[in-house]
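Presented below, as structure tokens, is a lone chain in the form predicted alone.
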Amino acid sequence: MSELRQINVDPLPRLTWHWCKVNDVSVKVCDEGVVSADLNVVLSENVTDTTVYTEEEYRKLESGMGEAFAEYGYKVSAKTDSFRADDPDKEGSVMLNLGYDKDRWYFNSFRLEAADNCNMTVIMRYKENNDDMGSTGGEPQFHAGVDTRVHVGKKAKIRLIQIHESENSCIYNNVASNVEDSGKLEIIHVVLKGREVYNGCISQLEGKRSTLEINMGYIAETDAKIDINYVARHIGRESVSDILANGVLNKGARKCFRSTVDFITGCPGSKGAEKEDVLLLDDDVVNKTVPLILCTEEDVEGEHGATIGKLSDEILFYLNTRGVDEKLAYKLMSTGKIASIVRLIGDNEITKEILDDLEAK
């Protein structure tokens, strides 16, 4: 295997003071010996996996994790798995289970497309192949890149659900997308485990009344690191974006959340909102939240906000008077934050499995 090299990923669209250390993040990548993850695919009958996807089309969309990561993907990715929904009378579904073994570097590329007036739900789960890896509490035992390119046609809808469930992983998760007239892209990101998770997503709302909705829930524990970069780029008139993240930090975890609503000239009537709610369970955690609104169009509405901290004395007192001690109060509130996102998945079996795991933790 070749030596590792460093690239910068998850860049802010506009730079701030470098001493804040939030403009981007440096990661290490491997250029040789990279393989595709074990992939188990389940498709509904109205989804095809024969879409022709050229490199020119692949490069057309801006990378959520930045161009350095995109160039890395072009270099090491062996192929792109493509899935297209083209039946307007029946919603398509795709289940992708990615399996990983330790001491390997992985990269998988996907293209998802909903033709005009078509709907599709895609669930991607990132897991270890074996349960015997255990919890290292140290360096990741494997590294995996996933690059997903999404195209939503006119009056179409794609629900993209990506679930991180590997304890010992370093995951580079990139989403690049564009949405046409009256189309909607709904993204649900759930980070349950992982030593390091880098999550970048850019959506180009090109069409009139195009919509982006992102809901993220994450838990970071035991010196884990989560780095997030979401960008909603409003290009079409009356386009709408809504970004929400609920998170829990514990036991020395570190997290940086970048969220940008970018109103481009020519998108009058557009609306964008971004919000993060973070519960801090320990004093030694590190939280960075960077909500950003960029605007070159006058007739728009943008809002952002963040709630960060421990439970207030008022909430703890209220719960204590009802027989709930502080430890249980934090457990209930932590589980509730993530569960509210998990319940959006829509698959009863997966939802129950995750909620049972949360309860056990």
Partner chain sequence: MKEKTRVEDVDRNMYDFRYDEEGYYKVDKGLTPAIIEQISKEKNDPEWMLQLRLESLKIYNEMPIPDWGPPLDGLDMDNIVTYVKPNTPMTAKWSEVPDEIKETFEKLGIPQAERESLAGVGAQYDSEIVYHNIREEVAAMGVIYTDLESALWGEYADMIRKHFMKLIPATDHKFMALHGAVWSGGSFVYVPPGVKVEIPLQSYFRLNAPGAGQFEHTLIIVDEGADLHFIEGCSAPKYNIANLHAGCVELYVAKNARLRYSTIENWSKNMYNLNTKRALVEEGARMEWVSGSFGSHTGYLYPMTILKGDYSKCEFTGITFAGKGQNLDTGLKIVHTGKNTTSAVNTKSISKDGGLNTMRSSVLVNASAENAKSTVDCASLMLDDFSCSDTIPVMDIRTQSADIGHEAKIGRISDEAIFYLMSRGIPEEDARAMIVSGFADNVSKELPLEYAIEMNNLIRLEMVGSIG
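Numbering follows the first chain given and starts at 1. Nothing here was measured: the structure is a model prediction, and the numbers come from that model.
Not pictured, yet referred to below: the form predicted together with the partner chain.
Are all three of Asn287, Pro291 and Thr296 close to the partner chain in the predicted complex, meaning a heavy atom of each within 4.5 Å?
-> Affirmative, all three are within 4.5 Å.
Does at least one non-hydrogen atom of Asn130 fall within 4.5 angstroms of the partner chain in the predicted complex?
-> So Asn130 does not count as contacting the partner chain.
Give a yes/no on whether Lys331 approaches the partner chain to within 4.5 Å in the predicted complex, heavy atoms considered.
-> No - in the predicted complex, heavy atoms of Lys331 and the partner chain never come within 4.5 Å of each other.
Though only this chain appears here, would Lys310 touch the partner chain in the predicted complex if you measure heavy atom gaps against 4.5 Å?
-> It does: once the partner chain is placed as it appears in the predicted complex, Lys310 has a heavy atom within 4.5 Å of it.
Val22: touches the partner chain in the predicted complex, heavy atom cutoff 4.5 angstroms = Yes - in the predicted complex, heavy atoms of Val22 and the partner chain come within 4.5 Å of each other.
Tell me, out of Glu45, Asp31, Asp49, Glu303, which residue has a non-hydrogen atom within 4.5 angstroms of the partner chain in the predicted complex.
-> None of the other options qualify; the answer is Glu303.
Using heavy atoms only and a 4.5 Å cut-off, determine which of Leu281, Ile188, Val76, Leu192 is in contact with the partner chain in the predicted complex.
-> Of the candidates Leu281, Ile188, Val76, Leu192, Leu281 is the one lying within 4.5 Å of the partner chain in the predicted complex.
Interface segment, criterion being heavy atoms within 4.5 Å of the partner chain in the predicted complex, picked from 170-178, 149-157, 257-265, 215-223 = Looking at the other structure, the answer is 257-265.
Sequence-ordered list of residues in 7-44 near the partner chain in the predicted complex, where near means a heavy atom within 4.5 Å | Heavy-atom contacts within 4.5 Å come from Arg14, Leu15, Thr16, Trp17, His18, Trp19, Cys20, Val22.
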